[in-house]
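Shown below, as structure tokens, is a lone chain in the form predicted on its own; questions about how it binds or moves come after it.
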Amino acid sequence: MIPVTVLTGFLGSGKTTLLAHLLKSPTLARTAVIINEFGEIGVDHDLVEAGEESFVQLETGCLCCSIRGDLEATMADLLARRAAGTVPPFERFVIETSGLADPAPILNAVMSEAARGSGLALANIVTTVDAVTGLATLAREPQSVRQVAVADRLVVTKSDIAGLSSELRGRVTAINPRAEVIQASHGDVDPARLFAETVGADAAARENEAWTAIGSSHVHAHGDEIQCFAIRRDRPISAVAVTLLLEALADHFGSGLLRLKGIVAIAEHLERPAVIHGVQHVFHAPVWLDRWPGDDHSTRLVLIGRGLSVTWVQRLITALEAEIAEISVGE
């Protein structure tokens, strides 16, 4: 499985500085870096000059490409070149988005390519937030709120200038209470910490505190109508009910569902939980963990988006469970 990290953040929030620093680290060796919309790139002058669909191999062994076209086609092309041995055998993708990009289409592209059996898996989403102008940007630019809302890790940049204020921390936590907040000075941050995957038993264990903190709460990001809420179910859910639930969420909320992520107790496989996540109408194939990450074996789902209803989702799960149970009794 090839993990994919999406690096997003609003214009001027320090994505390029962060990426330039990271690309010097041996940790990112054997990484394919895709920079979307190269007009705002400052990573490498030669990369900017090289043009569309060009590839540059950096000293660390990273492979960089800049694109203006179709992301799915670019990923598929890189995978084909990897299989043919015409590019270095990279083991990770990092995708840097445009500062004005809504992250949802990017995530959709990754998950669609993964659904084709390419061997890709969305590992995590990293969002940069400017310590100096972050509060003003979040108040003024709805796109920046969406970028924060879907993140697994929030990197507060330029902390050497302004530090992380209590107001900014409170704002990003209100938008996304489950994301880890990391401070970076001059783009300096531990790559291993930044790109640690958010799937697997160890990663799930790290997120348990976030699940507990959110609980069954409903968090509203004022000004952009983005909600974040968590649902916990102590009783296992059948595999059929989970499938129907995901289909119903996609149909009912559509593009309003910015992100769903969860660890699920499947009735047919009680010892092996499933990690699920989706964006809008696209859902990744479940990742089965070898074991539960802790003593808590409950199902926990986090939904982030616009126009969501925690009551509707809870009632839907209950109705699906009842329907599956009735069918089982009839058989």
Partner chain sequence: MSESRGDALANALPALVEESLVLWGRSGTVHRESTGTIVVRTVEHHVRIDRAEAGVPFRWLVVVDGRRRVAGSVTGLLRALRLGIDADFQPSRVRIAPIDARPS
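Numbering follows the first chain given and starts at 1. Fair warning: this is a prediction, and the values are worked out from it, not measured in the lab.
Beyond what is shown, the protein has a form predicted together with its partner chain; the following relates to that form.
- Taking the partner from the other structure, its partner chain in the predicted bound form has no heavy atom within 4.5 Å of any heavy atom of residue 30.
- In the predicted bound form, at least one heavy atom of residue 242 sits within 4.5 Å of a heavy atom of its partner chain.
- Looking at residue 319, you'd find a heavy atom of it within 4.5 angstroms of its partner chain in the predicted bound form.
- Heavy atoms of residue 247 reach within 4.5 Å of its partner chain in the predicted bound form, making it an interface residue.
- Partner contacts here mean any heavy atom within 4.5 Å of its partner chain in the predicted bound form, and among 139 to 147, 165 to 173, 247 to 255, 79 to 87 they occur only in 247 to 255.
- Residues of 264 to 294 lying near its partner chain in the predicted bound form, listed in sequence order, are 268, 269, 272, 281, 283, 286, 288, the criterion being any heavy atom within 4.5 Å.
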